[in-house]
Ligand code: CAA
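In the block that follows, a single chain appears as structure tokens, in the form predicted on its own.
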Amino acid sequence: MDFEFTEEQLMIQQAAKDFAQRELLQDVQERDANAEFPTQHVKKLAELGFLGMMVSPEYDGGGMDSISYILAVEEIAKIDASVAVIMSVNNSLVCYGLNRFGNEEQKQKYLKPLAHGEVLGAFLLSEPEAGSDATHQHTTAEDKGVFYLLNGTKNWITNANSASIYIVIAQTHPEKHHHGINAFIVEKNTPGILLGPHENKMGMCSSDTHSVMFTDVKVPKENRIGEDGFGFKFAMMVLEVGRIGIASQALGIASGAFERATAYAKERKTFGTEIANHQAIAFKLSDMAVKIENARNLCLKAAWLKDNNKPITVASAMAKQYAADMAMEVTTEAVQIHGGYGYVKEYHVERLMREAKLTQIYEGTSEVQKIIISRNLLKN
């Protein structure tokens, strides 16, 4: 196996690192405290080509590989996981879904502006009564001939207010259960769409999260993605790729906490020496480094498999589950190493710990990933 990154991959990684350190770091704490959406930073992401990284240049994307993508996500998440998830949703869920499964008309009309960064996208799957169990969609899309009539509520939607284009999963044929589900491209300004209040979250506070309610929303027939009944399969295949992005985000959160904990341990003195010289702290740092490296290898393997058109169901689930759980462990230890300073906002690690928690929940909880892994292990 070749563990060397290409020159292009390293350039992309460095560009993401420079952007995060130079621009995101300046106001990340303030945006977190005020739950302020990073409008100007997202515009810069678009300018850097980070919102449609893996989309073909034919549709105004960067044409980059998945390894370049996860390297960029990690560097951004080290500083600001809210910006990383905005980037991840647009790349992994929205652009990827349209790039792979959309028809030519849909790609020209919707994928191009998404990949170029003119607009943001959002992925609407979760509902008040359909989170981990995504098969039981209560949002309905009634076939009216030339259009579908959309009714229902979606929960926990990243980019809900800032996005212009929604990918909505809804039930058209209830008698067919998950085989009757469809996926639709819905323009946010369509009459009948109402947003709930901004969610007051524990972490990733500057990420834009709302419920979205649909009341008799007319969706043109041509905005259905794929054949009738393809929606659930579409959602599951898109989420497989999305989990690589969230795994990379978790990796970045953990790496950022580790770097801060290491720097602090080299400066803080107790009992006449830097605390890094105490075995209790040195061993914590050693354990953190091993876990981060394991997560990184899982992320890279999943990305490599995707780029080589190999199955990623188990690899992406493993990467997501391990990286998310690892991020929670590492950020908790980073707070512990900082002692009382870790509990205050000035030192960033308490924010990273709050951000890590969400990676265990969204785009499939850690428990759901274990279901996916175990079922695939035992099905033969």
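On a predicted model such as this, the values are computed, not experimentally measured, just so you know. One-based numbering along the sequence shown.
One more form of this protein, predicted in complex with this ligand, exists but is not displayed; see below.
Peer 1: Taking 4.5 angstroms as the heavy atom distance cut-off, pick the stretch from 261-269, 73-81, 192-200, 119-127 that is near this ligand in the model of the complex.
Peer 2: So the stretch in question is 119-127.
Peer 1: Check each of 278, 109, 179, 218 and return the one that places a heavy atom within 4.5 angstroms of this ligand in the model of the complex.
Peer 2: By the 4.5 Å criterion, the partner-contacting residue is 179.
Peer 1: Just to confirm, with a 4.5 Å cut-off on non-hydrogen atoms, which of 285, 149, 236, 213 contacts this ligand in the model of the complex?
Peer 2: Comparing distances to this ligand in the model of the complex, the residue within 4.5 Å is 236.
Peer 1: Establish, in the model of the complex, whether 156, 362 and 372 all lie within 4.5 Å of this ligand, using non-hydrogen atoms for the distance.
Peer 2: Verified in the model of the complex; spot residues all in contact, yes.
Peer 1: Spell out, yes or no, whether the shortest heavy atom distance between residue 161 and this ligand in the model of the complex is within 4.5 Å.
Peer 2: Although this ligand is absent here, residue 161 would stay clear of it in the model of the complex, with no heavy atoms inside 4.5 Å.
Peer 1: With the partner left out here, check for me: in the model of the complex, does some heavy atom of residue 93 sit within 4.5 Å of this ligand?
Peer 2: Within the cut-off, so yes.
Peer 1: If we define contact as a non-hydrogen atom of the residue within 4.5 angstroms of the partner, is residue 368 a contact of this ligand in the model of the complex?
Peer 2: Close contact exists here: in the model of the complex, residue 368 approaches this ligand to within 4.5 Å, heavy atoms only.
Peer 1: Closest heavy atom of residue 184 to this ligand in the model of the complex, within 4.5 Å or not?
Peer 2: No - in the model of the complex, heavy atoms of residue 184 and this ligand never come within 4.5 Å of each other.
Peer 1: Enumerate the residues of 297-313 that have a non-hydrogen atom within 4.5 Å of this ligand in the model of the complex, in sequence order, or give none.
Peer 2: Just 313.
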